[in-house]
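In structure tokens, one chain follows: the form predicted alone.
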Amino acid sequence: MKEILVATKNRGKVREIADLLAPFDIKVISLLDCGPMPQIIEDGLTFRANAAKKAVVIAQHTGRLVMGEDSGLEVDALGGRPGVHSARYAGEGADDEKNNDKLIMELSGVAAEKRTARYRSAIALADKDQLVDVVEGACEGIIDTERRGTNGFGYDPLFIVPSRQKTFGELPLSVKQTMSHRANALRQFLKILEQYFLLR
């Protein structure tokens, strides 16, 4: 079985990625399974830059094949914020609850039709020698001003999928995996991963 190290300690993200890659006989491990690792400062201006940095730094440190993923929420009424700062929108060390509270506060009084947003995901592949490639995926939605559902993580309880009229927090993981930003990026990632393995 082929193995890939995902450069994250986010359990929700690891679970989603492992679930998506399971049918392809790829074992997923994460930084939760490893010893001490270099601290990665996510100072990129784009999701692509942060994903690439995670993959390259950890691949060079471990000598393993590494997936780096960076994702977040872009809200049109907020000029694209929180963007690359999604995980720390309410400050360093902020949790999902605090980030969601800040988003609800900032969108208070904004009409539903103007609360359009999208989740974005960038996924990079790197080995000990190089950055192989970076792909991206997105999912369009609308931000609710009240939490709905307890599934998922991050901003999922506020992110309404228009075609379902439910938030990612209300949808089962099996449904989310067919349409999410990460699922869309992973479909492209699988193509570059397959090509990588074919050349070795």
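Numbers for residues come from their place in the sequence shown, where the first is 1. Small disclaimer: the values here were computed from a predicted structure and weren't measured.
Below, we refer to the form predicted in complex with inosine 5'-triphosphate (ITT), which is not included among the displayed structures.
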(message) Under a 4.5 Å heavy atom criterion, is residue 15 part of the interface with inosine 5'-triphosphate (ITT) in the model of the complex?
(response) no
(request) Tell me, yes or no, whether residue 87 is in contact with inosine 5'-triphosphate (ITT) in the model of the complex, where a contact means a heavy atom of each within 4.5 Å. (result) yes
(request) Could you confirm whether residue 42 comes within 4.5 Å of inosine 5'-triphosphate (ITT) in the model of the complex, counting heavy atoms only? (result) yes
(request) Answer yes if any heavy atom of residue 137 is within 4.5 Å of a heavy atom of inosine 5'-triphosphate (ITT) in the model of the complex; otherwise answer no. (result) no
(message) Counting any heavy atom within 4.5 Å as contact, can you tell me which stretch out of 140-148, 57-65, 153-161, 127-135 lines inosine 5'-triphosphate (ITT) in the model of the complex?
(response) 153-161
(request) Quick one: name the residues from 53-73 with any non-hydrogen atom within 4.5 angstroms of inosine 5'-triphosphate (ITT) in the model of the complex. (result) 54, 69, 70, 71, 72
